[in-house]
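Take a look at this single chain in structure tokens; it is the form predicted alone.
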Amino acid sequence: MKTQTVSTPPKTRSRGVHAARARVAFFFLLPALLAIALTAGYPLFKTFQYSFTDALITDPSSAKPIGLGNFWYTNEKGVELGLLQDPKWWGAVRSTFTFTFLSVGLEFVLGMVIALVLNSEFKGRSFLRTALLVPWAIPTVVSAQMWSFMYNDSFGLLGTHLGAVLADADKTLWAIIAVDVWKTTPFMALMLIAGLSIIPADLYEAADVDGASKWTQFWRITLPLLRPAILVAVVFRALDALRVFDVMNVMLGPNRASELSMTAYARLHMIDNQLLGYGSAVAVMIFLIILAFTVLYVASLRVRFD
């Protein structure tokens, strides 16, 4: 009697291997997921919870639920007290997005130029790459105070020529954007250098043989192959810029910083005004804005982090 052997289809075996790998990966990720749930999930839950109460930071236990009162509320005299009715909040949102788009855009352009230069072969390249890290290595509070002195119109290196830029409402945001570009362009450049280093050199050699100019090579080879690194670097910097706080708080003080930064606005109401419920509502709005931005960015541009 002839015995017939039944073999497992390749696709079924492949799915089984992938499922086994997924289970092992989940097992190794489980401690990290639990740590994130405890350190980030619980504070986030409490922030959402306080945002629907009239809690004060001096006595959170006496908080009473007020529904959406922190977000939208008009009292019997017609005074609008809700967060979404506050023009200062929307001014902070507008300034934060302006700061984000301008600073990240300038950092990307300058970072690309620096990355292309430092990716080429020349004497002293290693030293320049190391020196590039100096602004990034300085703590933000220190660099913000240093630039605040430089902008001083009495004795500052720049302020004596430019005037009181930090006191001029039309120039303040540009002055802070310049500080942010100076500090974080090295980060953008290093991210792009990492992406440039994995582009095969033989592509450029073949383009040289075909007579393609350096400009054509940049648009047809460098930019398309660098796209994953660009998208990741830009989203990291954009998320960081949307949460800008320290540089504005140091250079402008809490009150003026709250007019330009969403996080400084939250800090002013939560800490200085001791309104834990209202400050939590601001924090919730910041979380939702950044979440929406991230989802739209990743989905529309199909960003991959692998």
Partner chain sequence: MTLKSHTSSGRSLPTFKRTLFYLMLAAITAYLLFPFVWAVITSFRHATDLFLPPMKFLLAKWTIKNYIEVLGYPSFSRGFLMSVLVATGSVAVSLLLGAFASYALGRFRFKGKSVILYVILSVTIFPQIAVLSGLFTLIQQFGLYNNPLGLIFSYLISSIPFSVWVLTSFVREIPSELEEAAMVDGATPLQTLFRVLLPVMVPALVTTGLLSFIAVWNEYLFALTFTSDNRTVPVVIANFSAASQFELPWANIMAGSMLVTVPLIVLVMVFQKNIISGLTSGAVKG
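Rigid core here is just the name for the largest C-alpha set that superposes within 1.5 Å across the two forms. Numbering follows the first chain given and starts at 1. Model, not experiment: these values are computed from the prediction.
What comes next is about the form predicted in complex with the partner chain, which does not appear here.
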Just to be sure I understand the contacts: of Ala212, Val93, Met150, Leu84, which is the one whose heavy atoms reach within 4.5 angstroms of the partner chain in the predicted complex?
Met150
So in the predicted complex, does any heavy atom of Asn255 sit within 4.5 Å of the partner chain?
no
Heavy atoms within 4.5 Å of the partner chain in the predicted complex: does Gly159 have any?
no
Should Ala292 be counted as a contact of the partner chain in the predicted complex, where contact means heavy atoms within 4.5 Å?
no
Counting only non-hydrogen atoms and a 4.5 angstroms cut-off, does Leu102 reach the partner chain in the predicted complex?
no
Just to confirm the contact call: exactly one of 204 to 212, 76 to 84, 94 to 102, 168 to 176 touches the partner chain in the predicted complex at a 4.5 Å heavy atom cutoff, so which is it?
204 to 212
Sequence order please: the residues of 261 to 282 with a heavy atom within 4.5 Å of the partner chain in the predicted complex.
Thr263, Ala266, Arg267, Met270, Ile271, Leu276, Ser280
Did Pro43 shift 2 Å or more between the shown form and the other one, C-alpha, core superposed:
no
Would you say Leu291 moves between the shown form and the other one, meaning its CA shifts by 2 Å or more once the core is fitted?
no
Aligned on the rigid core, do the two forms place the Cα of Pro31 2 Å or more apart, comparing between the shown form and the other one?
yes
